[in-house]
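Take a look at this single chain, the form predicted on its own, given in structure tokens.
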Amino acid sequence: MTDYPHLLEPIQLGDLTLRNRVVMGSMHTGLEDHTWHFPRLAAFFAERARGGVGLIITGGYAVNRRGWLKPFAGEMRTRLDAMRHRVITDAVHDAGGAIALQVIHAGRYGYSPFNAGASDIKSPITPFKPKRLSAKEIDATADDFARSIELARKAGYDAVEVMGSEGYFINQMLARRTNDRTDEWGGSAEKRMRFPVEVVKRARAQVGPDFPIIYRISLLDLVEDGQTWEEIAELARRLEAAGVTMFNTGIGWHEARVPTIITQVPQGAWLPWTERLKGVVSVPVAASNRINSPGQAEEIIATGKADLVSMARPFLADAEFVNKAAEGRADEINTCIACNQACLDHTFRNRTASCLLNPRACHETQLVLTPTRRKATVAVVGAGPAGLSAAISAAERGLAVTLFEAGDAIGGQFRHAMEIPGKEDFRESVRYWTRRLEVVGVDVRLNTRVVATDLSSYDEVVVATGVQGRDLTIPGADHPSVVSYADLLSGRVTAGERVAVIGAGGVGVDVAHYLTHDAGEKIGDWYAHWGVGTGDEVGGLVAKTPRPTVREVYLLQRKTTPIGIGLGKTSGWAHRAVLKDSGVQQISGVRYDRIDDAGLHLTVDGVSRVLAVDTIVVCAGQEPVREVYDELLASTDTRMGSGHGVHLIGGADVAAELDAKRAIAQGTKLAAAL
């Protein structure tokens, strides 16, 4: 018996039987591009295979050098390439899993001076103008795809995925936006479809009738002059006839100005389009994007919206996702919060991907929580993200851990974050930590404020006491209209109709979003506000509907740089767009003069003005809370050093911008070293 009978039911794809309907979708981790990283990549995949996933799909490997994602990127072009991949496929098979290679051509998205595309139209997200391929070169590229797919089979892969979405080369061939050709490869929708159909036909001729060929199809381009739904449906029918075994789904090009996977996107937002595709084809279809729980995945399959569910980042957060669901331990799953901070933000900065919640992801051979041989006691002071990661990781190693928290609940700054619209999934992290503390046997003591003498009996003391908001130091800072962001987000105070937010870092942006969010917004409103069409619109776009005015909000900062410039690379633009669309008045280069009954007095560009606001929310940075640490250092019997002593982590160590990614990694690495 299981709570997820449909999700855990096997499915046949050609000659491959998957043990369940869970697909670990393609992610570029940064380990694909150099063969010396393949053992690390193999360990990453093998851990997920042991965790029960039905099918793993790799990051993209280029079919030729013009198709590289970046200079010297991973490719599948030669028999030597195929041989080198055996370390990956063997590791997954030894772990009981199945794995597919994704084949890709970056087209104009290639971050190299010799990229190439259907046309010579430059991408807005790369600095290089592509070479316009000749008709003969396009034909040869179709052969390159087929050859790479055959090599993948020789490398031991159980299937392949042809990357036809997200705005890469095949997607570029399909859209008028990027294909202005008038030859046999363009000029009409039918001719633009010819390339992907030829890829599948030629690949099928190479690998025979039963080797699974998965096609990642763009269900919504979300760019001007993209495909219509009728064109997408016709393409799917032609691809099925050409030999596609299964369709995986993609939403939006990388240059699209509609968010598709970040926290702001409602869970399951794109399922209506997956369901539409399922009504067009007879082969299995996988749903993807903003699916992060087994219950949600089970409902999708049980109600016939899709045959499989593709989840990528959830397997960064928890390699044991499927096993935990199958064993009745879904409450132990470390749920992906779609923050992008350590995965996509790393990838697009040419860094190795990982996970904010699970810093071991993609570092399995380097960050190892080995069982301890020590009989040691550990006191962790503070139950925010840093303290929680240290306490849980230390207990997983077998150390005896006591966790002290001055407040009445764990979670620290995550408890504020989960009140922000679009960050509701942060509640799942608090749920996971709460359950994990129980499972690994941490002695949790809430409402317990400790001093140095309370900790003298412990072998190791980890101070993770976090931060407190920095106080204002301007005249009138004690005015009744002044509140902290912590008091606002905790519900202890309610803002008025006119609000000034002092400080425009990540916290200030979140607070401005909180203050302007329409609590009654439904999924249809979300589509409308972002301009997502639900019919047969070109590119899936319509004019954006204005957001309702909830409050008059001013977002202020002393810096003269643009507001929000320090936000995440792959999500910051969407947060800035919401502020603009919500009518938030953003002012940089502010000098705060005073606060009185008239409001907030300030000077901008030498001009004084008064904001007649009801509430002033202070988000002017944070300061570390480290009294206990200072007491411990002053104590003569405190033992310092790597073997025994006192350790400072998280916001108590560095308070800048509430960096949960750094805090959780610090806690995990410290626990591994104790």
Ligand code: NAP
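Keep in mind the model is a prediction, meaning the values are calculated, not measured. Counting begins at 1, following the sequence as shown.
Unshown form predicted together with this ligand; subsequent notes refer to it.
Looking in the model of the complex, is this ligand within 4.5 angstroms of a heavy atom from every one of 93, 150 and 202? Spot residues vs this ligand: no contact at all.
May I ask you to choose, among 431, 479, 559, 77, the residue with a heavy atom within 4.5 Å of this ligand in the model of the complex? So the residue touching this ligand in the model of the complex, by this definition, is 559.
Just one of 564, 97, 422, 503 has a heavy atom within 4.5 Å of this ligand in the model of the complex. Which one? Comparing distances to this ligand in the model of the complex, the residue within 4.5 Å is 503.
In the model of the complex, does residue 592 have a heavy atom within 4.5 Å of this ligand? Judged by the heavy-atom cut-off of 4.5 Å, residue 592 is in contact with this ligand in the model of the complex.
Quick check on residue 294: any heavy atom within 4.5 Å of this ligand in the model of the complex? Heavy-atom contact with this ligand at 4.5 Å: absent for residue 294.
Exercise: residue 56 in contact with this ligand in the model of the complex, heavy atom 4.5 Å: No, residue 56 stays farther than 4.5 Å from this ligand in the model of the complex.
Might residue 620 be said to contact this ligand in the model of the complex, defining contact as any heavy atom within 4.5 Å? Heavy-atom contact with this ligand at 4.5 Å: present for residue 620.
Based on heavy atom distances of 4.5 Å or less, which listed stretch (153-161, 374-382, 107-115, 470-478) is in contact with this ligand in the model of the complex? Among the candidates, contact is made by 470-478.
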